[in-house]
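First, one chain by itself: the form predicted on its own, in structure tokens.
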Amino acid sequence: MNQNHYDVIIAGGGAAGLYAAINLPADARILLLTKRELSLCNTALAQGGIAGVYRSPEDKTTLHENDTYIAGGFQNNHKTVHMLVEEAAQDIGRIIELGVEFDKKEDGDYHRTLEGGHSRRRIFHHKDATGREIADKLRAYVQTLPNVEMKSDTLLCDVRKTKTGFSALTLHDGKYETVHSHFFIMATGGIGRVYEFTTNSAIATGDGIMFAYNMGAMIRGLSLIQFHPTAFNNRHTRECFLISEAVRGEGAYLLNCNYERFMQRYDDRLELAPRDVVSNAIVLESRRTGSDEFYLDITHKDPEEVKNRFPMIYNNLLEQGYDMTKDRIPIYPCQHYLMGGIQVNPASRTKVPNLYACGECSNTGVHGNNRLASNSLLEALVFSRHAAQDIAKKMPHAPENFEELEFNPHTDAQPVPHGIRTQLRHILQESYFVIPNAEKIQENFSKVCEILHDLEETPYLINQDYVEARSTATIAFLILNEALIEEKGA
């Protein structure tokens, strides 16, 4: 096989991309690409844990299933939700075999924590850095696989469908290269960086969704965005440090500007209501009080227990001048997670033949209108495994040859104008944040259309600025267009 020919190309090095590589056949030639360093992904930022009924006699999959439906407003896909909860034990057990370590109690049983929307303690965690533990251990295993080539700091510039599969243009160390495959897995993560404030990493600009959309994949539910209610509010940096929902699960209180608990005004579940409910409550309380100052308070709990349970959060807050065992933590909602994305079936297939999507960039339907806490890591594992298994069935029938498309990166062209992404981030922040602003959506949609048209029709230099500007414009277009359609249908 030519050195630029692969059976499978995987875009993304988070839990979904890594676990897909692990579950693909050992004789498959695989290329795994990451836009920045191998360790930079949204998976690594996941603090709370991974939900699942695993060796837990007091819990049942039917309870996990019901909690998922309630959080999702009963708009979930019944088949994929059932798959998610029933197969959780299989994949949690598998990553433990691969070296992932979850916290245990003194009796040797796993310590399971509680988060908003869960009726049982079923969240497996590694202190408050579960995602990083999972990503690190999966990556270490993938690096031992002789059939997987991992390329970091490699920008995916363009992907196109061919008669035999796919051709993709990449950029690494200033050098453009074209690679080809029979199958392609988009595992590119979320869209957080299309907002002014997000918990997402710098790579989360929706590139995979944009490429899939341009190839003809169906995009669904892109307006279903989860705003996490308790991001650290430092009012300065774009990437907001997340104060895990598990802190509320362990007894923290939400306070308004007067240092009063207020959730009783909005939901009987108080601080343990699902994320969308809490975020909406904070915005409504902000309007009621005329202040955007809110706090998370766990100072009434034992300091040593708090430090031991949340070492990463504790240390990160210390660096910001706050001791969470003594001080109230300033918080405010920010963009956190995308429930929609590239529409897939239960096998993670898209509408485009041999194109798959898994992880946050996909829309499996498991989350409905709102994601239940800690279901995201589980979704990434379950459905990336299904993608790999489906590809394994198809591989023997793949053509032996490769159609190779050529790309023009416009190396002599002008770079994309500065400030486009900043303008788009501001548009989304004022139009579609927690409680959508119908007037701003209508006003800004035409601006987004103009920006996207310019990016698609003007031959700008294809580099990271261009790709991310085009991704951001495409995502903004899809979100606001969905919002307008929903408004007309309401």
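One-based numbering along the sequence shown. Predicted model, so just to flag it, every value in this text is computed and none were measured.
FYI, the form predicted together with a small molecule isn't displayed, but the following is about it.
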With the partner left out here, check for me: in the predicted complex, does some heavy atom of Y337 sit within 4.5 Å of the small molecule? yes
4.5 angstroms heavy atom contact with the small molecule in the predicted complex for R371: yes
With a 4.5 Å heavy atom cut-off, would you call N316 a contact of the small molecule in the predicted complex? no
Quick one: does Q47 come within 4.5 Å of the small molecule in the predicted complex, counting heavy atoms only? yes
Please pick, from L272, I203, M263, V277, the one residue with any non-hydrogen atom lying within 4.5 angstroms of the small molecule in the predicted complex. I203
Contact check in the predicted complex: N363, A473 and L478 versus the small molecule, with a cutoff of 4.5 Å between any heavy atoms. Do all three pass? no
Within 4.5 Å of the small molecule in the predicted complex, counting heavy atoms only, one of 418 to 426, 435 to 443, 29 to 37, 451 to 459 shows up; tell me which. 29 to 37
